[in-house]
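What follows is a single chain, given as structure tokens, in the form predicted on its own.
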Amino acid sequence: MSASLVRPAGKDPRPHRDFVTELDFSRQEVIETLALARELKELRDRPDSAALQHQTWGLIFHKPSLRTRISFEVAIDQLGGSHIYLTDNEIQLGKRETIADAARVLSRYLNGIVIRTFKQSDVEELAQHADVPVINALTDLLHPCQIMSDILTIYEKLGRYEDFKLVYIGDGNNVTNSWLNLSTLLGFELVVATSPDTLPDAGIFERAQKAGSSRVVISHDPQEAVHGANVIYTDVWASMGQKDKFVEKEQALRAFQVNGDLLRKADKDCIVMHCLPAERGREITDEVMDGRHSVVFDQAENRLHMQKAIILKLLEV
């Protein structure tokens, strides 16, 4: 083998960026990524690029997935790359060996890592020690890729990514926390309508309020909260990893169902969003899920276009 083809062992000197939280992007970068996703969506019937040609990305999934896994796999394929799907059975991150050691090894084989897991701190540690981009595909604390694709959907439906009222109804979970993070970068009104027992992360909420970019409030009255809403958003009452708390969460959130009566109190042209999977008849009724205000399947499609945009944005460095 020619000496010119041999790369010395050791840390890859190429700079890289991670997308572990929405706040890894600046306001301008969020706007640029939205524009890139729209451009990629327009090109969906043609090969997008060879941006990932000769690249292999690792997909570490510790939780079941439909939209996240398939959208990332298709995104990487359409960008000309290949991928390896890894479950906890294969690498047992942080168990068989430290996360830091695993990060260093994976960096020698892969060009990027997508991880969907439980603890936010595990993703942060992986990113800290990896020499390739790390993308947070969901943790119990945050769901940044979802929220980025959601703001794309809002732009498509409302014609703007700011100056709207979004009412999140239900459990104060990782999706809620990610909306709070995004509210520090883009200006809109965010009302979290939830029970006193199912609040979002206190630190993230306080930071969003202090940022002053958006009006951010918590309401315990969903009927009042939705007045004038341009966007109504909901999610399951008990997320993955919290199914043991389903009974208590259902009791706390029974009054926070998105149904026809609630919808009639919002703006007449409002859109209804759900990141899926939905537990129909609990947090949202069939009438709303399948109704004219629903954009939930447009949301699901936009995961693909946004995943590609995020990957390409990270490769700009």
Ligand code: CP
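On a predicted model such as this, the values are computed, not experimentally measured, just so you know. Numbers for residues come from their place in the sequence shown, where the first is 1.
The following text describes the form predicted together with the ligand, which does not appear among the structures shown.
Please identify, from 207-215, 143-151, 158-166, 187-195, the stretch that has a heavy atom within 4.5 Å of the ligand in the predicted complex.
Looking at the partner contacts, the answer comes out as 143-151.
Would you kindly say which of I60, C275, I271, L253 lies with a heavy atom within 4.5 Å of the ligand in the predicted complex?
None of the other options qualify; the answer is C275.
Which one, N259, S49, T56, S65, lies within 4.5 Å of the ligand in the predicted complex by heavy atoms?
After the contact test, the surviving option is S65.
Within a 4.5 Å heavy atom cut-off, is K308 in contact with the ligand in the predicted complex?
So K308 does not count as contacting the ligand.
Using a 4.5 Å cut-off on heavy atoms, which residues of 293-312 contact the ligand in the predicted complex?
Only a single residue, R303, comes within 4.5 Å of the partner.
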